[in-house]
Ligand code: ADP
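Next up: a single chain in C-alpha cells, the form predicted on its own.
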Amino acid sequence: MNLLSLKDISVKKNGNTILNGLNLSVQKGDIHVILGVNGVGKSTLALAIMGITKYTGKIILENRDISKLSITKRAKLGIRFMRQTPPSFEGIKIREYIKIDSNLGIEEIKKTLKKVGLPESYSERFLDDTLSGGERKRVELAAIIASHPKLAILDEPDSGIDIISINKIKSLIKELNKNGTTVVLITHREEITSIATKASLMCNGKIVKSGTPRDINKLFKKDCKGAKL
C-alpha cells in the first residue's frame, strides 16, 4: 500500500530547474532511501514534501492530495522532517522542544535523549548555538521519536556524525520504523542503505530508478557518481 506518492514534482529557483517532473512511490512501513550525489535536488525534495518550498505537481498522502496544505497541516497529518542542518531556537529548552509534538513527561524525555546518545542533563539545556550541529541533529531525532509520526523525512541524518554514532543512528531509525513510522531517508552515502527496505536513485532532479538497496547501490556506483543520466 502506498503511503506517499509524488507525481510530476518540479521546482525552479532563480531560473534553474532543481526538480524536474519527479515521480516517487513510498510504501507504508518501508525505510525508503533516496540515494544521490550532492546537488541533485535531494534536500529540495524533502522541503517540497514538507511544504516548505513551492513546487508544481501533486503530493498524495494515503490517497489524499495534500499539495495545497500548509506545513502545519501536513505536520498534523503525521509528517515530520529532520533537516540536514537542524535549526537552533533561542530561549527554548530541549525538554520544551521535544514536548511540542509529544505527551512525554520529563523522565520519558530524558530516556529519549539517552537513546540518541545525549545525557539526561541536556533536557535543561537551550536549543541554541551552544550545541554542535551533531547535537542539534540528535535532539531533532529525539523529537521525531517522541512524536511517533506516520512519516519521517530524514535529510542526511548521517552527515557530520562520527562512525560510532552513525551505527547508533541507524539502530534508532530501525527502531522508529519498527514502531510504525514509514521513513524516507535521504543520503549520499551508500553504507546507510544497509537499513533500507527499498531505495531510489536520484540524478538531475529526477528519480531514475527504484528497487532493492543492493541494486540501487550498484547503479549509483556505476552511473551516478558525478555522471548525468
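Quick caveat, the model's predicted, so the values are computed rather than measured. When you see a residue number, it is the position in the sequence shown, counting from 1.
Below, we turn to the form predicted together with this ligand, even though it does not appear here.
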So in the predicted bound form, is this ligand close enough to residue 38 to count as touching (4.5 Å, heavy atoms)? yes
Contact between residue 13 and this ligand in the predicted bound form at 4.5 Å, heavy atoms? yes
Looking in the predicted bound form, any heavy atom of residue 44 within 4.5 Å of this ligand? yes
Quick check on residue 147: any heavy atom within 4.5 Å of this ligand in the predicted bound form? no
Among 168-176, 60-68, 30-38, 189-197, mark the stretch whose residues have heavy atoms within 4.5 Å of this ligand in the predicted bound form. 30-38
Residue by residue through 57-95, tell me which have a non-hydrogen atom within 4.5 angstroms of this ligand in the predicted bound form. 84
